[in-house]
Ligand code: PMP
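Next up: just one chain, as structure tokens, the form predicted alone.
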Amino acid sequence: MSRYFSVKYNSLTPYVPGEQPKDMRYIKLNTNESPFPPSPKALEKAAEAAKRLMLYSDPECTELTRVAAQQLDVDPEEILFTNGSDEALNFAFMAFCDASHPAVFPDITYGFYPVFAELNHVPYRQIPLSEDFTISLEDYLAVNSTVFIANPNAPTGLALGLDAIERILQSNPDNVVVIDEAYVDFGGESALPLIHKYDNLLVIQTFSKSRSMAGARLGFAAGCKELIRDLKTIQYATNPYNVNSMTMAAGIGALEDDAYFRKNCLAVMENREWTRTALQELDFTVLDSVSNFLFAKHSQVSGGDLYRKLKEKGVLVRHFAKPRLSDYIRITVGSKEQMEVFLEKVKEILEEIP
């Protein structure tokens, strides 16, 4: 870093995104993207919006908010659209965390949580997952901190039920509980209906996964009107035009094409279960994911070796070097054809074991 870099960020360790190869010679199963293109309606509306790019985008996302609120059964004042769900998460750390309201989240979860905490100089505590990688409900009761829980969690794919989330909300009435639902559309149960019951609940979702818009950067936060007003204060203090016009239009098209969305989610879930069964038959241990990825390990090949050998064979998966995770690989669930190639390469690797 340069000698001009502020000392307040000297110890900041940035988030490390998954590999994004430019040559496209890989089957990409490493960053939990959708294997399906965006909805034709989304593409059509985005192309139309491109004709008006000389104008600023609507900072209120008025039409997108109206369509989403109607579909999600919330009031327009209970939802805020952001530049990807990462921006919504950062806003939450900025708005609801400080020295008196530290953050708490699992030690194995979305890697951006500690980055956002450090970026915003928020004290935080990481709670170890149980031995089976589940979140222990008791660890989050009456913690007197702002709670961040990815549900389903990443990279495990495991989820808490709504009864557990309600107990966490009830036991932390003076703190916001943020439920990050990036993967909820693949078999999880959304806490979104609970925002009308608990004024300390903030639910965050994304269009990146289930709606095939990772490259468009669109997410949202939903909560009571007061929480959303807090987030809007942060938005207008940083970047009022945070969602561009084409993304906004694509989001409307994606929401209006509900049949396309549901068909793709179902296909991913079917491919996930088919792949899970196939891996188990190959002597893999596979967690019970309800997301669009699988977390798996093999008794005879380390996670690092599997990652490297698969990459050599043209298949990218994700490997994490943390001690409890190093035996595992995280596999994005792609199309049936992609998963067939993945399994073929896995079998080749296993056959090469002496």
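Everything numeric in this text was worked out from a predicted model, so none of it was measured. Heads up: residue numbers just count along the shown sequence, starting at 1.
Quick note: we don't show the form predicted in complex with the named molecule, though the next part is all about it.
K.L.:
Within 4.5 Å, heavy atoms only, which of 271, 242, 264, 208 is in contact with the named molecule in the predicted bound form?
P.N.:
Among 271, 242, 264, 208, a heavy atom within 4.5 Å of the named molecule in the predicted bound form occurs only for 208.
K.L.:
In the predicted bound form, which of the listed residues (230, 185, 86, 78) lies with a heavy atom within 4.5 Å of the named molecule?
P.N.:
Selected residue: 86.
K.L.:
Can you say which of 250-258, 277-285, 176-184, 92-100 gets within 4.5 Å of the named molecule in the predicted bound form, counting heavy atoms only?
P.N.:
Answer to the contact question: 176-184.
K.L.:
Find out whether any non-hydrogen atom of residue 196 is located within 4.5 angstroms of the named molecule in the predicted bound form, and reply yes or no.
P.N.:
Answer no; every heavy atom of residue 196 is more than 4.5 Å from the named molecule in the predicted bound form.
K.L.:
Report yes if any heavy atom of residue 217 sits within 4.5 Å of a heavy atom of the named molecule in the predicted bound form; otherwise report no.
P.N.:
Yes, residue 217 lies within 4.5 Å of the named molecule in the predicted bound form.
K.L.:
At the 4.5 Å heavy atom threshold, is residue 150 in contact with the named molecule in the predicted bound form?
P.N.:
Flag for residue 150 set to yes.
K.L.:
Is residue 110 close to the named molecule in the predicted bound form, meaning a heavy atom pair under 4.5 Å apart or at it?
P.N.:
Yes, contact at 4.5 Å.
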